[in-house]
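What follows is a single chain, given as C-alpha cells, in the form predicted on its own.
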Amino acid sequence: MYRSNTENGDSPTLPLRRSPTPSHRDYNLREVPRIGDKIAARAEDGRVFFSFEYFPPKTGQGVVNLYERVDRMARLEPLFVDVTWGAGGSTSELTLELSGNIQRFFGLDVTMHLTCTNMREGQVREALEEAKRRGIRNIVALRGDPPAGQEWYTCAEGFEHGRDLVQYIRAHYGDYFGIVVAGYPEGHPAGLLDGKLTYEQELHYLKEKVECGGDVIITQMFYDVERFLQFVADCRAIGITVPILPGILPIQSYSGFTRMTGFCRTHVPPAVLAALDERKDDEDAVKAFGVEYGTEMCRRILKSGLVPGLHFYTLNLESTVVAILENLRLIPKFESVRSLPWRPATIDGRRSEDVRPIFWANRPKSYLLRTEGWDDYPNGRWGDYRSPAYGEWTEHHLLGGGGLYTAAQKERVRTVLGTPQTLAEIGAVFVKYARGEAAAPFPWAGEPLSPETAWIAAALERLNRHGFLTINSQPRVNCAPSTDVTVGWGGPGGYVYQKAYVEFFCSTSKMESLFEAAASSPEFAALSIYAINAAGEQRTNVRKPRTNAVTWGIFPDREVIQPTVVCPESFKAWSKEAFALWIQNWASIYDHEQGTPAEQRSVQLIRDIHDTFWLVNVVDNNFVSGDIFKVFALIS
C-alpha cells in the first residue's frame, strides 16, 4: 500500500500505555476473525495495537527468509499482518500462498491485498474463492495499477474503482470478509500527477468506499504528522467513522527513502530532509535517525487519541520496526503477552482449540498439518475417550527438511550438524542445541528454544553428554504469575503450573537402566515414563496409561485451563515422525552416492541410531519439589 497506486460514531480515545498487559479479552481475541471486530475488541480494552505489511519476494530464498522473519515477528503479537498483491495480479499465486501459509501455520490473521485493475470479474472471484479456501477472512480491497508496460483499462465485466471491488465483495460474500480500504492523507499520487481529483473529491470517494462496505482505512505512507492528523479530522467531519490506521514506513536507507518518497510524491518536512542529507553517507546514522523520527511520529499520532493502532510497512525487514515498537514500549519486556504456551491457530474451526500434546512443542507447523483434517479440535480437556487419527507425516516446505531443503538450506544444515563419526559427536550436536547455539536448522525443532530452557540447560547438557539425546523439555513451575515473562501465559491475574518434562533418544541399555532406576526407590514414584522404538515396541511404568496434563493455569472467573498434555496415543503418532527425522532431515543432507567417506560414515551412524535407539518421555508429576534429573544420576 506504500506504493504509488491504490494498492497501495466518534473515534475512540486510546491512551498510550507505557507497559501494556494482556487482558482476559485477549485470550479469546483469536476467536474474532474480521479485522473491524478485532480492532473494536482491542479498543474496548483501551490498548494500542500494531500490525505489519509484507510483500512477496522475487526469489525462492527470499520466500524462505520471509517466513523466518514472519515467524520471529509473530512473537511480538501483532493484531494482524497483510500481504501485498502485485499490479494486475502479477504476484497473485505467491500472495495467496504466503497469505494462506501465514494464516495456517503462524497463528496470525492475514489481511490479503486484492487489486482489480485490468482483471476480469472471473479472476477476482477466483482469487476470493481461493482466499476463502485458505482460511483468509480479511481483504484489502484496492483498485491498483496495471502491470509494468501496460495501460490502465476497464475489463469487460471488470472494475473501474476500488469501491466497485468493495461492492462486489459485499454483494457476493456478505459479511464473511472484513474489508480494508486505502486512504491518502496527501491525495492519491496519480491524482497529484494529473490534477484530476481535488483533495475534497478524494475524501468523498473514500467515504463511498466505506459506505459500500469498508470496515477499516489504512493510509498511504507519510512523514508529515500534522497532515495525517488533519486528514483524520477531515474524515470525521464528513461522517467517516470507521477506524483509520496510519501507514508508517520507517526510514531504513537514504536511497530507499528518496526513491519511495519521489515515487509516491510524499511531502517530507524540510527538517527531515536536512537531517537525512547530513547523514546520507552513513548508513547506520540514517537507520538511527529513522528509528528516532519514526518513534517521534508514532508518539505524536498516538498522543492525539485519534487512532486505535499503528500499521507498519516493513519492506520485509524487522530491526527498525522492532526498535520503534520497543521505544514506544508496545513490546513488554517484563510481562508475558502469550494467550497460551503455544501460538493459537487462526483458521476457522480451530480458533477455540486450547489443548495440544506436548510432543510437537518444537514443531507446531507439523502438528497443524497432521491434524488439519480433524472434524473437531480439543477445547477444554483432552479426554481419555479421544483416539486421534493423525494424518501421515509428509514433507512441507515450511517444515524445512528432506528433499525440500534448498541448496543454501542444505549447506546451513551441514554447517550446524557437521559430519559426526561417533555417538559422542552426535551428542555434541544436541548439546549445541540445548545451549541455543544451533537453534535452526535442527531436525526436531522448527522453533527457537523457549527461554525457560535456560533454567535447565546445564542438566540437559549433562544428559546429552551421557547419551540421552534430548529433543523436548520443560522445567517444573509451581504457581508462577501468569504474567511471568518466561513461563507466563493467559493474561494477568492468574497463576501457571508445569510438571517437569524431558524427551530424548537413547540406547536400549540406557532405556532399561532408566526403568530400573525409577523402580529402585519410592522417591521416583512420581515419574511417568513412556518409551517406544522405530519398530513400534513400547514400554511404560504407568499402570493405566491415560492423558496427563503437564501444563495448566488458574485464572479469575474461568475454568482451569490445561493447554499441554502427554497423551499415550499421540506419542505413538509422534514417534513415527520423530524417528523419520533422523533419516529425512539429517541423513538426507549428505550425498549418499558421491559423498565423502566421512559423510558415508555419518549416514551409517544415523541409520544405526534410528534402528536401535528408543524415544523416551519422562514426566515428573511432583511439580512442587521434584527433581526430574535425579534419577539419571543412577544410570551409568
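Throughout, we count residues from 1 along the sequence that is shown. Quick caveat, the model's predicted, so the values are computed rather than measured.
As for the form predicted in complex with another copy of the chain, it is not shown, yet the points below apply to it.
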| property | result |
| --- | --- |
| Residue (of 457, 517, 554, 423) lying close to another copy of the chain in the predicted bound form, criterion heavy atoms within 4.5 Å | 554 |
| Another copy of the chain: the contacting residue among 407, 171, 479, 237 in the predicted bound form [heavy atom, 4.5 Å] | 479 |
| Residue contact check: residue 621 to another copy of the chain in the predicted bound form, 4.5 Å heavy atom | yes |
| Residue 558, heavy atom within 4.5 angstroms of another copy of the chain in the predicted bound form | yes |
| Partner contact for residue 591 in the predicted bound form: another copy of the chain, 4.5 angstroms, heavy atom | no |
| Non-hydrogen atom contact residue 497 with another copy of the chain in the predicted bound form at 4.5 angstroms | yes |
| Candidate stretches 76-84, 161-169, 106-114, 546-554, one within 4.5 Å of another copy of the chain in the predicted bound form by heavy atom | 546-554 |
| Residues from 514-529 in contact with another copy of the chain (non-hydrogen atom within 4.5 Å) in the predicted bound form | 528 |
